Ligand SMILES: C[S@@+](CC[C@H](N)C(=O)[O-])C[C@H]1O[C@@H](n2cnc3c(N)ncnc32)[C@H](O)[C@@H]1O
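To begin, one chain is listed below as structure tokens, in the form predicted alone.
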Amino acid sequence: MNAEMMRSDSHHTDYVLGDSAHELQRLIRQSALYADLTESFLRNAGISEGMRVLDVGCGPGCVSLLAGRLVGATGVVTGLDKSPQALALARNRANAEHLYHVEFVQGDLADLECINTYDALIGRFVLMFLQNPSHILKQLSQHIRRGGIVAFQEMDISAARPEPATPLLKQCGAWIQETFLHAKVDIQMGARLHKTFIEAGLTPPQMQLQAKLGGALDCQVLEYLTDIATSLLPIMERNGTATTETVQIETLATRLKQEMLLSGGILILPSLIGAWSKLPV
């Protein structure tokens, strides 16, 4: 495939967290945290050797590379994203891993034109940022062959919580949720996947729910929370959700760790809910 096979017009889908260098690296760290859950999901959905897979909203290529390892050199994975910065990083990562059957093209998934037909359509943390996810999912599914697979993994951010509910952890979670809601991100998209698939004209999907959690000594869990807060801080300030002085981002991770150590508690991260359907033969 080459870039001429896909294009986008002026109707863009927006990713509220942007494509700064920090955000792209945050996405890579986030993917490392969730890699085992996403691999399990993709395997359960039927992604396997030799398949042609379209990964939409691929960002820096985390899920595309994972799918590339599953389909092997006899398969093909095409990652689609509108960010040139994200795609440049994704291509470099694919080359570094010698995954030459994983390719990346620029385009807007809200207005995709493609002459190829794929065995599977996949995406992770994509539909939650769309204003009309069922409509776009229906359009994207047209590029999948009969009997092919449609598989998406989304978050239910509302399921995240500290146990016990200590003040700073609760406040940090509230800042993040309020900021996403203000930006019209569907923080319960994972729980709405079943309805979204049906509205898109797909068969009722099979589904699974997974989650990560950890205590004060689990660096990945705390890094995950502070990473998102860092990316969202400029938006928090614009929306009036919080200020730099209130968040104190430079010491946030340390203060969160101290609070968790004192409480002996854990942080349950957002649920990951996956759904997959097969198209009629």
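In case it trips you up, residue 1 is the first one in the sequence shown, and so on. Remember, predicted model here, so these are calculated numbers, not experimental data.
Not pictured, yet referred to below: the form predicted in complex with this ligand.
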Options 199 to 207, 77 to 85, 96 to 104, 141 to 149; stretch whose heavy atom lies within 4.5 Å of this ligand in the predicted bound form: 77 to 85
Non-hydrogen atom contact Trp175 with this ligand in the predicted bound form at 4.5 angstroms: no
Partner proximity in the predicted bound form: Asp108 to this ligand, non-hydrogen atom cutoff 4.5 Å: yes
Contact test in the predicted bound form: Tyr118 vs this ligand, heavy atoms, 4.5 Å: no
Heavy atom of Leu27 within 4.5 Å of this ligand in the predicted bound form: yes
Proximity to this ligand in the predicted bound form, single hit among Val63, Leu232, Leu42, Val53 (heavy atom within 4.5 Å): Val63
Members of 116 to 136 lying within 4.5 angstroms of this ligand, judged by heavy atom, in the predicted bound form: Arg124, Phe125, Val126, Phe129, Leu130
